[in-house]
Structures are given as C-alpha cells and as structure tokens.
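Two separate entries follow, structure 1 and structure 2, each one form of the same protein chain as structure tokens.
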Structure 1
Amino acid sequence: MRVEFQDIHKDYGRVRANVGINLVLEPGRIYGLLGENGAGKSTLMRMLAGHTQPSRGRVLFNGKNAEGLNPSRALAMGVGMLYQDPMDFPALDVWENFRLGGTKRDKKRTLSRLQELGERFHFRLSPQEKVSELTVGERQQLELLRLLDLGVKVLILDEPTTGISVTQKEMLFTTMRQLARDKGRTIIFVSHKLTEVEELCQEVIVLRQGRLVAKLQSPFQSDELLKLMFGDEHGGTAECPERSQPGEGEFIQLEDVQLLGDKYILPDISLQIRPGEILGLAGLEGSGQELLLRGLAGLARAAKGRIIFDGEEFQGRPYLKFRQAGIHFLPAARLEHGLFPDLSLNEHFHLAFPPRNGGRDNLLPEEGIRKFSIQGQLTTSARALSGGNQQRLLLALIPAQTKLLLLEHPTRGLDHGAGQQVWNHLLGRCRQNTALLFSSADLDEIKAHSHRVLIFYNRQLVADLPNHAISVEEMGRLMAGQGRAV
C-alpha cells in the first residue's frame, strides 16, 4: 500500500513535534526511520496508526485521503504498529489477545495458528497464561505474531529486536524481507541500532527536531547517518568515561537463594557483589535475569537461602525495607511499572522528593529537568514524553543515597546520544560506590560496561565470568544453551 504524508504538522502546545513533513512510502519496500529521541518519529508513526491527528496536513493511502483516522479504522485499512510499550490487554490470556481484531476463529483454531506462528520464530509463549505475567519482550513477541496473523499491508516496527535472540532476529528479518518482496507490504523499521538498519532496510528516513532532513537509498554509512541525526557535533555523543574499579569487600551476598516468580523458580543463586561493581545480565526474555533483579529489589520472594546487605539478612523482608536500605529498581515497562502516566513532571518530583521538616525538596523539579535534559515542562504528563525522556525522568527520580541500582534494559529505545547520557550518569553513580545490576538485549552494551557478566539459560544462572573472560559471541552461545556453562 502506498502511503503519503502531505505537509504534516503536529503541535503539542508550544512543542512542535512534526514540522512540514512531505514523504512517500512505496509498497514492497523496507524503510528505516531514524532520529534522536524527541525527533518526532513516534508522533509521525502514531498519526499513521490513527492514534493521533495532525494539526494540519493529511495522510493518504493509495492516493485517498485518510481523514479522521483512528486505530480501528487504520487497522481495518491494513496499518499495524508494534509499539515499544505493547498495546494489549494484560488481564486477558495470551490466546485471547492474539485473537483480537482478527479472523473469528474458535479457541482450538486460534491455538493452532498461534502455535504455528510461534514455532516459526521460536517464541515460547504459553497460550493460557495471562499477558500481565509476560515480560515486555514476550508481550512484543505476542503483538508481532498478532499483526502478522492479521496480514497488515503497512507494518510499523518500533524497536522490535529488544528481548529476542540473534536467531530470532534473523528469522524476523527474513520474514520482513519476504513480506516486502513477495507480498508487497510496506514496512517501517524504527530503530536506534544502525547496524540493524543497514542490514535490513532499503531506504532510510531521518528526522531531526521534527523535520525531515534526509531520505537515503542503501547502502548507508553510519557516520553519515549519525551526522544527519545529531548534527555536525554528533549531538554531544562523546564516548562514555571508563568504568571505575569496584570497591573492596562484599556488601551484597546471596547464598543458595531460590527465588519464586509468577511463572517459574530460579534456583541455587550464589553471588557476591562489591560496592561500585557493575554486573551485566544476559539471557533471552524469561530466562531468569528478570527474576533475579526483582528478587534483589524485594519484589520476588526467596523461598530458601540467605540475602545479605551490609551484614543484615533481608530474605523475607517486605519491599519497603529493601527501599529503605538503599535499593532502587527501574523496570523495563516505564509507564506501567515505573511512572504514573497521567501525573506531571512536577508531581513526580514532589512524590519522589517530598519536603522534609518543612524545608525545600532535596531536588527541585526545575533542577531535575535541567540536569537530566528532560524535554518537557513542569505540567507535562509522563505519558506525553518520548521513551527517551521517560527514561531520563526515571533516572532523575533515583534517590541520591541509593546503594544498589537494578535496571531492566536501561537504554531500550534510546538513541546513541541519549544512551550515552544514561551511561554517563550510571557510571558516575558507580564511582560513588553504588553497585549496579542491569539486564540488556544488547550484548555489546553488556560487554562495554560490565565488570562481570551473568548468563542465564532455561531459567538457570549458567555463567558468572569477569568481562575479560568472555566475548560477545560466547555470550550468545551460552544464552542459546550452546557452549560450556561455567
């Protein structure tokens, strides 16, 4: 299906999200959509998917004006979008979500079709499970299968490779090429991973500050794309400082801990963590790394074993005790579990840093917005922020006294510059002896920033190695159950 944007403008008060965009997308092509966080990519795609209306200008499908487009009409016309934060119904089962909006099949036929598509991509989804019990990556997998089943003519993929293996990514890319080549589908691939854009896309569209600055044919040069995205100075994307050496002693110990999750048990975890130490957690979605982070945050119960912080036993303690001990958790689902979608920036700062003894906040909202370069105003709701600015807000709300920081996918959906800003901040905290555990689907990120690497496979910890003792390739093999466990 041919898609045309004609003089598209979108304003949110004084914020100009899209400015005079004219663009044509042809069927049978795969387009990469690039731009720094806040460049207007999501706004433009949400207009195409019917979730927002342009302030002026129009969208045309096969030459016909799509005025008054809404999500149901867009889907009926063949436009489907896979969002960073999945648009699903957590209270329903996996198979019920899969069936939404599609062919009216009975349960048996729905389960058969779901199994067929799941096996094609090696996605392990339990049909009878509640969607609320899935990880963010698993929910993205489910939504992708649903869109493929619907046979959409225009498929928008927003950071689709988060939480899937290299093998799954290769299968996804093969399917995207087949859909474009054999089925004439128009595919828009929104990503900050330039290597993936270079591998998959035939053309690249670059937005900067709400404007269309380039539309390029393959092959692409990474340096050229970065310059177009960030300007001549590459948007201040200087390399992150090197990680500091961890402190002496072991202030966190796990001894033969068994953690109970909603779906599985993570057994026999024994770890020692030093002040300022950075541990990268690698594994396919649902392999165990999420449960370890929640167990250390006090959000998952230890059925046996000992959890010791600063010499004090914490197993069996409520979540509030973990928080009071200086343990802070940043979830992957920013809006669902990390922020209050409809509260303003000002309200978030006042909740996180209430006045003490009648005095002023220990971090004023204006200071937090400026320090973390959040592109929003005091009255802006969390929901209205881009993904990168939501992540900056979460970082700004971390208490200064945090001793252990736990993060799921800390740079998910962030551009190169924003990702480095995140790591500049995190490494600064580690230099002040905050220990850091983070999971990531980007193995290069784990390799770049970790002192130690923990590998999870089949809901077990199979390797705990110093960074220098493992390569990215070996990480991938151990995550897939190949190679030797250490």
Structure 2
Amino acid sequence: MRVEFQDIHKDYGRVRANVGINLVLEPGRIYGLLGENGAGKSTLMRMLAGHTQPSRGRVLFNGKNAEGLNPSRALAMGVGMLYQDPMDFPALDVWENFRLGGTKRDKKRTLSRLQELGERFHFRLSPQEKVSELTVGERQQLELLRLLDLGVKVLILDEPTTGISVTQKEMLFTTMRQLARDKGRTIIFVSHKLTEVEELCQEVIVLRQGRLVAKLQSPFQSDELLKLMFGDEHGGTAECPERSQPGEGEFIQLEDVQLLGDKYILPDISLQIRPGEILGLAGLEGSGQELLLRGLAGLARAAKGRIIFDGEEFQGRPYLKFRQAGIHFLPAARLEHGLFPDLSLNEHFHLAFPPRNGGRDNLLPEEGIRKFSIQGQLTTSARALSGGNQQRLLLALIPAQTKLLLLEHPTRGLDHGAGQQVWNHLLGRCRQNTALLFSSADLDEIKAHSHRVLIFYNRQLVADLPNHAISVEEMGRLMAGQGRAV
C-alpha cells in the first residue's frame, strides 16, 4: 500500500512534535526511520497507526484520505504496528493470542493457520505454550504472525531488535526482506541503531526536531546520518570522558554465590570488584545480569555462597543492611520503579536523605536541583519531568557515601546529550572510588565505559574479561551463546 503524508503538523500544547512533514512510502520497500529521542519518530508512526490525529495535514492510503483514523480502523485498512514491548496477553496460550482480533476460527483451524504461517517464516512457536514463557523475540514473532494473518500491508516496527538474540534478529530481518520483496508490503523500521538500518533498509528517513531532514537511498554514510540526526554540533562517533583507573584491593567478593530470582536461578557466581572499578554487564534480557544486580543490592536472595563487602559477610541480610553499607541500585524503568510520580522534587530529596541518619554531607534539595541542572522546582512533581531530568534526579538522589552503584540501562531512552551527562556524573563518582556495575543493551556503551565486561548467556555468567580483551562483535556472539575462539 502506498502511504502519503501531506504537510503533517502535530502540536502537543506548545511542543511541536511534527512540523510540515511530506513523505511518500511505496509498497515493497523497507524504510528506516531515524532520529534521536524526541525527534518526532513515534508521533509520526502513532499517527499512521491511528493512535493520534494530526493537528494539520493529512495521511493518504493509496491516494485516499484517511480521515478520523483510530487504531482499529487503521488496522482494518492494513496498518499494523509491532511495538517494542509486544501487546500480547501473557496469561494466554500462544494460539489464543494468535486468534485475538482475527477472523473467527475454531482451535483446530487456528492451530493449522499458525503452523502454516510459522513454517513460511521458519518461526518455531509451540502453540500450547503460555505467552509468559516466551522470550521477547518469540513474542515479537508471534505478534508479527498475528499481524500478517490480519492482512497488514504496512508494517511498522518500533525498535524491534532491543532484547532479542542475534539469531532472532537475523530471522526477523530475513522475514522483513521476504515480506517486502514477495508480498509488496511497506515496512517501516524505527531504530536508532545505525548499523541495523544500514544492514536492512533500502531507504532511510531522518527526522530532527519534528522536521523531515533527509530521505536517502542505500548505501548510507554513517557519518552523514549521524550529522543529520544530531545536527552539526555532534562530532560523529560517541566520545566518552576518560575512564578512571580502578583503585587497589578487592572490596567486593562473591564466592560461589547462587542467586534466587522470581523467575530463575543464577548459579555459581564468583567475582571480585575493586573500588572505582566499572563493570559492564552484557546479555539478552533475562540472561542473568538483572539478577546479579539485584542480588548485589540485597533485593534477591543468595541461596548459597558468600557475598563480602569490605571484609563483612552480607549474604542473607536484608536489603536495608546493603543500603546502609553504601550499596545503591537504580532500576531501568525510572518512573515505574525509581521515582514517585506525584511527589515533588523536594519530597524526593527528603525521602532519599533521612535527616536523622547524619546525612549532612548529602545534598540539600536546592543544591541537588542546581548541581544536576534538573529542569524543575522544589514543588515540581517527578511525573512532570522529562526522561533526562528524571534520570538526573535519580543520580542526585544517590547518597554521597555510596560505595557500590548498580545501574540498569543507565541511558536507556535518553538522547545522546543526556546520556553523555549521565556518564560524566557516573565517571566522576568512580574517580572517588565508587565501584559501578551497569547493564546495557547497547554494546557500544559497554565497550566505551567499562574496565571489565561480564557476559551472560542462558542465565549464566559466561565471560568475565578485561575490556581490551574483547570486541563488540565478540560480545554479541557470546551473548547469543556462540563459543569464542580463544
């Protein structure tokens, strides 16, 4: 289906999310949609999928004006969107999910249709399994099959490669190519990973500050794309501040620790961490790195082994003891797990720094807001802050005496500049001998900032290597469970 955007404007109050976008998408092609956070990618795609309406301008499907589009009408007209977090029902079986919203079929027909589609794309889904048992990649595959079964002609994929394995990614890309070539479907691939866009897409559309700044044909120049995405002030490849040298001594030791999580067990971890050392944790989502971070924070129980901080055994102690010992954990989802949406900045500081604990060396709210350049006032609620400001608030709330910082995806969802600020602060802390463990889906980030890299696969720690001893490509292979040529 041919999709045409004509002079699309979208305003949210004073924010101009899309400004005068004119764009034609032809059937049978794979488009990459690039842009940093807040560039207007999601707004544009949400309009196409009917979740929101343009303030001005129109969207045409095969030359016909699609006015008053809503999600179900968009789907009926053939626009399907594959979300980063697939919209499925974890409690249902695979086949039941597949049937949802589709043509009415009995179980037998549903199963055969699911099998037929699955075979065509070489997806191996067991229909009777619960969706909650599937990996993110498998859930994506299921959702993809469901959309195809509904007969979508335009397929939008929103950051689809986050959290799936290399093999699954390869399969996804093959499927995309197949769909575009054989079936004439229009595919829009929303991503901020240049390499993937370069690998998959025939054309790339770059948005910046709500405007369409370029529409380029393959092959692409990475430098040029970066410049288009971030403007001229961006110097090209991500530059990171100098890494500090870790201090001496092993202040944290893990001896044959077995950690119990809600969903799985992480066995036999042995690890030494020096003050000021930075460890990057790589692994597909659910491979074990989350549990290690939580275990070190005292949030997951150690069933076996010893956890030693500064010569003291901590296994089996409650979370508060870990916290008092100077261990601080920042979860991935900031607003969901780390902040109190309707409480003010002032209240956050009060909660984080109890007055009686002699935390005088901690920040006063006013200082914190200034020092971390948080765009808000004492009475501003956390909900009202932008992602970058929320992350800076979390950083400001880290107690001064923290000795071990555990971070999940410290820059996820942040744009380049905000991410850089986060790392500036973190590295500053490490220079003061705070050790740092962080997980990230972005292997470049791990490569850029760690002293050591821990790699997880299949709920096991499979590698613990100094940064210089491993390349990003090798990390990717190890994460995918492929052996490493030593």
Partner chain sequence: MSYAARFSLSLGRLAAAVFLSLVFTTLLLLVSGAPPLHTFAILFAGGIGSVAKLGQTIAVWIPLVLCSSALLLTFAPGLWNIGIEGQIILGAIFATGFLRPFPAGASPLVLAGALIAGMIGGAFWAYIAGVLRTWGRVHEIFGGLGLNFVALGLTLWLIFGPWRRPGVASMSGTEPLHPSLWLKGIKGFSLSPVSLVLALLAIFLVIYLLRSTRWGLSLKAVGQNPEAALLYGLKPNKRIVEAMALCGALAGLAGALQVVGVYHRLLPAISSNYGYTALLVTMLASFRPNLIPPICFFFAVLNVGSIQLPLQLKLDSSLSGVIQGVLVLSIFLVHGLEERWQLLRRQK
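Definition used throughout: the rigid core is the maximal C-alpha set that superposes within 1.5 Å between two forms. Since the model is a prediction, treat every value here as computed from it, not as a measurement. Each residue is numbered by where it sits in the sequence of structure 1, with counting from 1.
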request  = Please let me know, 1 or 2, which structure is the form predicted on its own?
outcome  = 1
Core-aligned C-alpha movement of Glu26 between structures 1 and 2 reaching 2 Å = yes
key: Is_shifted Ala448 between structures 1 and 2 (CA, 2 Å cut-off, rigid core)   = no
ask   = Do you see a C-alpha shift of 2 Å or more at Pro331 between structures 1 and 2, with the core held fixed?
value = no
message = Given the rigid core as reference frame, how large is the C-alpha shift of Gly137 between structures 1 and 2? Answer in angstrom.
response = 10.7
ask   = Rigid-core fit: what Cα movement does Leu172 have between structures 1 and 2, in Å to one decimal?
value = 6.3
